[in-house]
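Encoded as structure tokens, the following chain is the form predicted alone, with no partner shown.
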């Protein structure tokens, strides 16, 4: 395949779709992973092709070891290698519950999908990437891994503690794999979105509209999926050759401490 090969998990909608489209603009072949919504994934594939890319859709639940293995195997069967992994798939709590009341069922679901799944998918893909590096199968440069986290990695939301814990875990996961894979030239990055206009935030639009108007972050607008996609595209272009483990805050300046 004479294109870079990228896997984007949770690519059917929202941030994942925004990433897939921006990678397509760079000419990538994108593996559009989805858990259940085939129609959304198929629409994303059409948009990827319109943007100048190519791709396939693969249904796989990242929380399932069997599905993760199949995602990797099917990608290699279709394209022969993996140049970029973007860990994006994630879910919100079914119910936003106070941490004094929240149950284990929600916690287990969030951790399995949002943290355990990406952790072990990254492990599997990293080992594949190491083999590619050793064999010289790197026609578009050394492979890279990007994990999409959230400002929830450090911002305490006491009505969705499970989500915050998972995102904080992903931030450490980035540091761990960045340190471990540096000897092979495989760079690992974290992209940390702020409040992004997606299906996940649609139910709290009024709340965030008010916060934006009040200046909760300096750039007073909603973030867009393409904002995250463009950050991932910059990494995919290898615009940061002397960096690894870096955190890119795409949050309208939310992370700034101002007086």
Ligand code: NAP
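Numbering follows the first chain given and starts at 1. Please read these numbers as outputs of a predicted model, since none were measured by experiment.
Just so it is clear, the following notes concern the form predicted together with this ligand, a form of the same protein that is not shown.
- Query: Though only this chain appears here, would residue 35 touch this ligand in the model of the complex if you measure heavy atom gaps against 4.5 Å?
  - Reply: Result yes; residue 35 sits at the interface with this ligand in the model of the complex.
- Task: Report yes if any heavy atom of residue 189 sits within 4.5 Å of a heavy atom of this ligand in the model of the complex; otherwise report no.
- Result: Close contact is absent here: in the model of the complex, residue 189 is far from this ligand, nothing within 4.5 Å, heavy atoms only.
- Within a 4.5 Å heavy atom cut-off, is residue 177 in contact with this ligand in the model of the complex? Result no; residue 177 lies far from this ligand in the model of the complex.
- Query: Quick one: is residue 111 in contact with this ligand in the model of the complex, heavy atoms, 4.5 Å cut-off?
  - Reply: No.
- Message: in the model of the complex, does each of 10, 60 and 167 have a heavy atom within 4.5 Å of this ligand?
- Response: Per the other structure, all of 10, 60 and 167 touch this ligand.
- Out of 102, 173, 126, 91, which one falls within 4.5 Å of this ligand in the model of the complex, going by heavy atoms? Comparing distances to this ligand in the model of the complex, the residue within 4.5 Å is 91.
- Item | Residue among 199, 42, 209, 50 with a heavy atom within 4.5 Å of this ligand in the model of the complex | For this set of options, the contacting one is 199.
- Exactly one stretch in 142-150, 179-187, 77-85, 127-135 has heavy atoms within 4.5 Å of this ligand in the model of the complex; which is it? Only one stretch qualifies here: 142-150.
- Message: At 4.5 Å, heavy atom to heavy atom, what parts of 178-193 sit next to this ligand in the model of the complex? List them in sequence order, or say none.
- Response: Result: 193 alone.
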